[in-house]
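Next up: just one chain, as structure tokens, the form predicted on its own.
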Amino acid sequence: MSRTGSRGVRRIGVAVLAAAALAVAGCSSGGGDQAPAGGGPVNGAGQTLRMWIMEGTNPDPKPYVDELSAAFEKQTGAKLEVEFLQWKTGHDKFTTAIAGGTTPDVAEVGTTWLSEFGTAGAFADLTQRVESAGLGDGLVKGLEEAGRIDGSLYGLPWYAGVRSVVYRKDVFAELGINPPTTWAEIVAAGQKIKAAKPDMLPFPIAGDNEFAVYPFVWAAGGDIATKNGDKWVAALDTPQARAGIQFYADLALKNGFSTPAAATWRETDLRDAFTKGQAAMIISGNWTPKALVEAAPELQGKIGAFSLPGENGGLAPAVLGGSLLSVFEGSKNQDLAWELVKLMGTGEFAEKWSTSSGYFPGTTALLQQAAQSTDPLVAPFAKQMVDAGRAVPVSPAFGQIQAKKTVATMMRSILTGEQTVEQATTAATAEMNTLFSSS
């Protein structure tokens, strides 16, 4: 997946990318690294390092970039040139730059993009650099897994997000409902809200929101796909996965907590319903509570959050998504590029980006600080990430599966009654396996 939202990835020939990656050697800013005698930071005096950052994660990235550029120049002597890319066109930009040998030195890379481009040979192996810097045991596990290909690390975790449940705290208090800790308690809470407030959707289910489906699959003991040797095999048709999908769908079909229109909703539609006072609970990301209040100031103090519960307690694994920092294989300044990656991905600047963007940092030390927060709109998400964050399949094909909307199509057919869970999961599994096989 890319960040924590679904970022479509067009299918691209890995063989073509692999060949193109060989041409990247002349793509980046000129001049070689010069390590000072006796070790220490790389001497980048007179050099300019180029970087791509994706636009939209941070509502106001300029102050961060200004501080980062000043600190990087002070540390290395090199100047930093940052270009912002749109998520909707970023994939094509990566593809074109790799094929044409015009990549920068460093880039923010969404989690599902890393496997695709990394498998094609576009990124430098950071494994030894990470170990030498003493960072090997300090990275958020789920995000680190997304950065690995065949055991080697091609992206340093930068920031991450996770989904939990955002709810109307005032409605829960009025009806004497405690935040659910099991699936049965979710149903009980929804039934109470439905009876007391017939004009409010207790728990709308968006058909086009695949990252809300997976926690129920995992919590039921199922999986999206499993790896057999070097081959991924889809697993949404197993009894366990089907049980999780059935429960999730039945929040709408059996319990009536949703609306038929939501079969085609995206995550943004859930947030719209919530800000309009039409929904009591929605699955949403840790980056959204602030935006919800900004969109509906009357909700100030009325919003709460709780971690997605497991079937019989504990936490349901939730998709841990976000971005990593990668060094392009063709960069002539890989040592200098690594200095930038370290600066951004650890310590002060990792924390600054987390604070200004609303996402969680990619190091366990900083994430643990967030998990200890007393902020009721931070702690549940941080706990979900620390205790139950999980990566989607790290395969170049998974981005293709997202782009084809295989899971969204599956859920939409279930929620509209066009297919049973068994029929829809059989079709989705077949399509996923076709894409896994052809990747």
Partner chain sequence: MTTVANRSKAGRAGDAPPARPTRRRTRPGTGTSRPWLLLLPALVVMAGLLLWPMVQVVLLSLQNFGLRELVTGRTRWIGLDNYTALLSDPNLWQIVLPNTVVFAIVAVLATVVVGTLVALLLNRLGTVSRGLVTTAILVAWALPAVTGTYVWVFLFTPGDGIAVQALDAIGLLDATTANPFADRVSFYVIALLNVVHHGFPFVALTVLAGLMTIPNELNEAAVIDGAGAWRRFWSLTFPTLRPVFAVVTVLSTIWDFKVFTQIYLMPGGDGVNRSVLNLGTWSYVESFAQNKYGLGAAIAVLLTVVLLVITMGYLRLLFKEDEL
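We call the rigid core whatever largest set of C-alpha positions still superposes within 1.5 Å between the two forms. Given the structure is predicted, the values throughout are model-derived calculations rather than measurements. Positions refer to the first chain, counted from 1.
We do not show the form predicted in complex with its partner chain, though everything after this point is about it.
Only one of the listed residues (V293, A184, A99, A196) places a non-hydrogen atom within 4.5 angstroms of its partner chain in the predicted complex, and that residue is A99. Taking a 4.5 Å heavy atom cutoff to its partner chain in the predicted complex, the contact residue among D208, D237, D223, D335 is D208. Of the candidate stretches 382-390, 407-415, 66-74, 369-377, only 407-415 has residues whose heavy atoms lie within 4.5 Å of its partner chain in the predicted complex. Its partner chain in the predicted complex is approached by T259, whose closest heavy atom lies within 4.5 angstroms of it. Contact check for T95: a heavy atom falls within 4.5 Å of its partner chain in the predicted complex. By the criterion of a heavy atom within 4.5 Å, S152 is excluded from the residues contacting its partner chain in the predicted complex.
With a 4.5 Å cutoff on heavy atoms, N255 does not count as touching its partner chain in the predicted complex; it lies far away. By the 4.5 Å heavy atom rule, the three marked residues N43, E339 and V341 all fail to count as contacting its partner chain in the predicted complex.
After superposition on the rigid core, the Cα of F123 moves by 2 Å or more between the shown form and the other one. Comparing the forms between the shown form and the other one, the C-alpha position of K254 differs by less than 2 angstroms, with the core used for superposition.
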